[in-house]
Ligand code: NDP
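Only one chain is included here, represented as structure tokens and corresponding to the form predicted alone.
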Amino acid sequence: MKGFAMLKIGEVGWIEKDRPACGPNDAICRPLALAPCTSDVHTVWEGAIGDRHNMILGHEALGIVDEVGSEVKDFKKGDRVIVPAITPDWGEEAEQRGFPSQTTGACGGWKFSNFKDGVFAEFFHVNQADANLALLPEGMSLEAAVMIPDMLSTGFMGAENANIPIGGTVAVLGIGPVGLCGIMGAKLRGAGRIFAVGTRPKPIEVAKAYGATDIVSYKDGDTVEQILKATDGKGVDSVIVSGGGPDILVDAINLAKAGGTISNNNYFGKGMFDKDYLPIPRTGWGFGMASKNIINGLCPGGKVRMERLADVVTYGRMDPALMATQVYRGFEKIEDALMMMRNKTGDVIKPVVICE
């Protein structure tokens, strides 16, 4: 089979590999729709998770089931499915403690394009299919559905972890697709005022559609000063960090009220750092005693998560297709889409590749 791969740090290309084998609890899928992620960019061009050789990229996909193992009960050949970006080992110790994305180790549920070949291939493998796949609802657009495996799941996690009180004030730092889903998640969780920090016109347009009440441009001055001024010096109840370099955490902590929550779903790639640690402002954190909570997490996966997010779309709570700013046709276009994600050509939010 053919796949688009990381050949080594800083280099990508098309390669030939054997079709993956299907275990008794697993499935083999063909791609129906794909989307590149900034995580792919961090992986290849920043070496964020270390060197990988001839590893097929991609972790955002809708698929068509081509083969199922002998123990799979809920899926059959020909089913159109949502494939979560994170495919945990259900039943493993971390999952039983309530942290399935961390099975087998830190971020261990992230298998595609990390520990094994990803979804940018003519065929890809899904472990524990009954727990890690969900049926694609009839009539849902592929452009909307392909946002579910990672963008909705990660962005909504940012809001879920942010401890947003009903009517609370929220700041979302970064309005790429994950930040935009964080805005929508904050609205669904009952936020009152939502500050969205960003500058590009198209993401700002979608941020407003998803519920942002205030747009803050870092080009107009210090982000913290602008939001503190707008809130009469009070700050915000919750901060969702969805972009930026290491210093973005300084802004987040300085923005949060006492008792506030900083929810991070940003991927701090290795290429961002001179040293391998993140800064915390001593005074903004109350010398370690300001009752400001920092929570992080990895995109939740699994069937139930995908089904619930699909219901958000099915019942009109959100239209993820607004983020599909560029749509390509044909599997071979994944290279163009990834390069667009890398270069942020034009006013891109998320390029999507329709494979059927």
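None of the values given here were measured: they were computed from a predicted structure. The numbering used is simple: start at 1 and walk along the sequence shown.
We do not show the form predicted together with the ligand, though everything after this point is about it.
The ligand is not shown here, and in the predicted bound form it never comes within 4.5 Å of any heavy atom of Ala33. Not displayed here, the ligand is approached by Lys344 to within 4.5 Å at the level of heavy atoms in the predicted bound form. The ligand in the predicted bound form comes within 4.5 Å of no heavy atom belonging to Ser263. Under a 4.5 angstroms non-hydrogen atom cutoff, the ligand in the predicted bound form lacks Ser113 among its neighbouring residues. The contact residue chosen from Gly185, Pro177, Pro84, Gly109 relative to the ligand in the predicted bound form is Pro177, the criterion being a non-hydrogen atom within 4.5 angstroms. Proximity to the ligand in the predicted bound form, defined as a heavy atom within 4.5 Å, singles out one entry of Thr104, Gln96, Thr199, Ser141, which is Thr199. Only one of 74-82, 113-121, 199-207, 231-239 lies within 4.5 Å of the ligand in the predicted bound form by heavy atoms, and it is 199-207.
Proximity to the ligand in the predicted bound form holds for all of Ser39, Tyr218 and Tyr267, with the criterion being a heavy atom within 4.5 Å. Shown here without the ligand, the chain has Ser242, Gly243, Gly244 in 220-247 lying with a heavy atom within 4.5 Å of that partner in the predicted bound form.
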